[in-house]
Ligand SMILES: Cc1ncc(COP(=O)(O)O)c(C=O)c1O
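Just the one chain here, the form predicted alone, laid out as structure tokens.
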């Protein structure tokens, strides 16, 4: 006759009546653990509900609920007239997971795919959560018109088509694509059909779609160096042979690329405001790049990540506006112009490719919300987006000027800030041979963010500089933050 488990075995169960976890869950978890580690072996009879309730000082209803749950999960089985028993066929052992201090690498070796291993070496990083001052790429979240936006969001929730509560259009909202087409015609000189626009969850999803649709393994990609980190790493992961093309004062150095690298399948460029150096590609270089792409059947990816923010004159026409053959894939995002969590971007592609892009977007996950797309379309059509951009241009110009002046006053012995007429960040070259990574870490200790320019390079960095974002920092706090940064950097000078 099988003895019921009780006495010393169940005496190890301690019920914490002050815990946030309900008593029945505590008992369930205890019994699961005892079964899985073999303390309660297969076939072991459990105490009756009455016995266990008395033993633990709880109601019989609680124990009945526990047993019913464990039966439904397969840990135990009830036998009419006999009682409740640990199920047969359980191995009685749980794997011992080593602590992080006891061989994390050994435990993980062989468990990741090669793709995941490549990703683990990526320099692309975003510190989510709290946003520290001078973090690059952060818009003025404190100045976003939240109340106005909420009205559009509320309207989209209450008055939009019922289909918006489903998955939405595979290409993205027709209404939003039309709004974007009008915006691009007005601000970027692009005459396009809304049918050429595919809505994405941001620029990075656009790069993913382009890479998987147009690239084969070992295809050559010309990529700006320094350049956008996540896009470069993505193309390596997909299997591309990424060739680092240097930047000169006209943008991507086309003569160097032609002379030193094989013909490319893709050419990645940020012509309006090179990421991260801030150079604007000359008209001559743009025309030469398009001519080369047309003659060699190459695709050009135009990443236009912050083109709205130009502080002298109107934004320049896009490279895609000069493309009469259809070799440019134009990528835009609202993460910089509005706020990152809006999670909406877009890619403009030749119409012949749209079916492939739509199907690939479906496979990888649409991720953008049809409700948010509706709200954004209304925001654009009513003039709210254009008004917000005009306001941000003025605000960012002021924040840029204050940062440049503060750096000149407090950091001139260690930093050489570079003037910029566009974008959301400045470069500050570092004097005295100090590593930009060391400088970045030193000011990070003081609660001040940045990015070292060197991480944007493929291979050795030609410059040591800090990338300092000004758009997301209030004007009134910039001078004191720069004084704090100067003190931290000067300590490196002293200890050198």
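Positions refer to the first chain, counted from 1. Small disclaimer: the values here were computed from a predicted structure and weren't measured.
Only in words, not in the display: the form predicted in complex with this ligand, which the text now covers.
Heavy atoms within 4.5 Å of this ligand in the model of the complex belong, among the stretches 196-204, 212-220, 139-147, 390-398, to residues of 196-204.
Put simply, of 307, 372, 84, 333 only one has a heavy atom within 4.5 Å of this ligand in the model of the complex, and it is 333.
The contact residue chosen from 343, 151, 327, 175 relative to this ligand in the model of the complex is 343, the criterion being a non-hydrogen atom within 4.5 angstroms.
Under a 4.5 angstroms non-hydrogen atom cutoff, this ligand in the model of the complex lacks residue 323 among its neighbouring residues. Of the heavy atoms in residue 361, none are within 4.5 Å of this ligand in the model of the complex. Contact between residue 164 and this ligand in the model of the complex is not found at the 4.5 Å heavy atom cutoff. Using a 4.5 Å cutoff between non-hydrogen atoms, residue 232 does not count as a contact of this ligand in the model of the complex.
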